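Only one chain is shown below, in structure tokens, and it's the form predicted alone.
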């Protein structure tokens, strides 16, 4: 579905007041990856890492400075109109609905823009009304919708023409727990039942863990990880935490194979690798234990370590 080879994007920036100097900034630097049809993958990176620039090149909004990219077999920048009929996109807080019109009128306008046959449009809309629970606000002007309602409307707008590929930039930002779960369930359904390929960029690592099996991580314009989330955890998540409750507060414990990361009264957090049983025996020999638990690293902690340079 997507083929990216040595993709690069440079911007020219001019600095200085009296003497303007020309600087070239590499927003995306020689990245390569492939996305198979029907994949649901996450694209992760800090602000300014190059995520949005990549998505804009994949959708044809920006022209690459170097390398090659094809989406659904098309060159996005040269065949943008044709590609638009085959992809859907939702970019965070950017509204594609008509602000002063009822939500249903926005959908009708989009039906004509994409030339969706009336019977196919009615079938698709009915499905989205059920899955995303649109009926309570379908005739409400977009400007009066809550954020969660508008996000559901934006998702419907992006899917009305039944695209093969869906680009989502921060689709759950600012949503409450209920609305967020509804959106996640919707994405899983269209991916599994209809085979829609989904490329998801987000800062919500809960979305990544619950929705994606494969993860791309970009930092400073370079791709630093492309693989399964399980592989990422296995490689970078070897450190675990032993959380111990002691009989009384004591100075940070000094035991072989562990480092105390935090102390809060009688509770201490020890980072370690290897068998937990051996460490537990050493801690028990050093002081009296009341309780203990082991915390496995989550994806957020692992990605934080990668950004910090521990890769």
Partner chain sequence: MVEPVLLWRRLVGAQVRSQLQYRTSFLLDLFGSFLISFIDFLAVLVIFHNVPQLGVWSVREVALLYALSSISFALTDLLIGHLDQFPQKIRDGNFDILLVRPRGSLFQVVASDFQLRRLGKAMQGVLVLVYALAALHLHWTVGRVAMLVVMIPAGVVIFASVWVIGACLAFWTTDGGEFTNAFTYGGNFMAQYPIDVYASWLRRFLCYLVPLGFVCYFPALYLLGKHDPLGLPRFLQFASPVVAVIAAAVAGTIWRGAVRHYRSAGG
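Numbering follows the first chain given and starts at 1. Remember, predicted model here, so these are calculated numbers, not experimental data.
Separately, the form predicted together with the partner chain exists; it is not shown, and the next lines address it.
Asks: State yes or no: in the predicted complex, is some non-hydrogen atom of residue 110 no more than 4.5 angstroms from a non-hydrogen atom of the partner chain?
Replies: Because a heavy atom of residue 110 falls inside 4.5 Å of the partner chain in the predicted complex, the answer is yes.
Asks: Does the partner chain come within 4.5 Å of any heavy atom of residue 40 in the predicted complex?
Replies: No, residue 40 sits far enough from the partner chain in the predicted complex that none of its heavy atoms falls within 4.5 Å.
Asks: Using 4.5 Å between non-hydrogen atoms, is residue 210 touching the partner chain in the predicted complex?
Replies: Residue 210: no, not in contact with the partner chain in the predicted complex.
Asks: Tell me, yes or no, whether residue 193 is in contact with the partner chain in the predicted complex, where a contact means a heavy atom of each within 4.5 Å.
Replies: Because no heavy atom of residue 193 falls inside 4.5 Å of the partner chain in the predicted complex, the answer is no.
Asks: Just one stretch in 30-38, 52-60, 257-265, 279-287 has heavy atoms within 4.5 Å of the partner chain in the predicted complex, so which one is it?
Replies: Result of the contact check: 52-60.
Asks: Would you say all of 85, 96 and 101 touch the partner chain in the predicted complex, counting a heavy atom within 4.5 Å as a touch?
Replies: All of them do, each having a heavy atom within 4.5 Å of the partner.
Asks: Only one of 240, 122, 228, 80 comes within 4.5 Å of the partner chain in the predicted complex by heavy atoms, so just point that one out.
Replies: Looking at 240, 122, 228, 80 one by one, just 80 meets the 4.5 Å heavy-atom criterion.
Asks: Would you mind picking the one in 235, 220, 143, 129 that has a heavy atom within 4.5 Å of the partner chain in the predicted complex?
Replies: Comparing distances to the partner chain in the predicted complex, the residue within 4.5 Å is 143.
Asks: Pull the contact list for 166-180: residues with a heavy atom within 4.5 Å of the partner chain in the predicted complex, in sequence order.
Replies: Contacts from 166-180: just 169.
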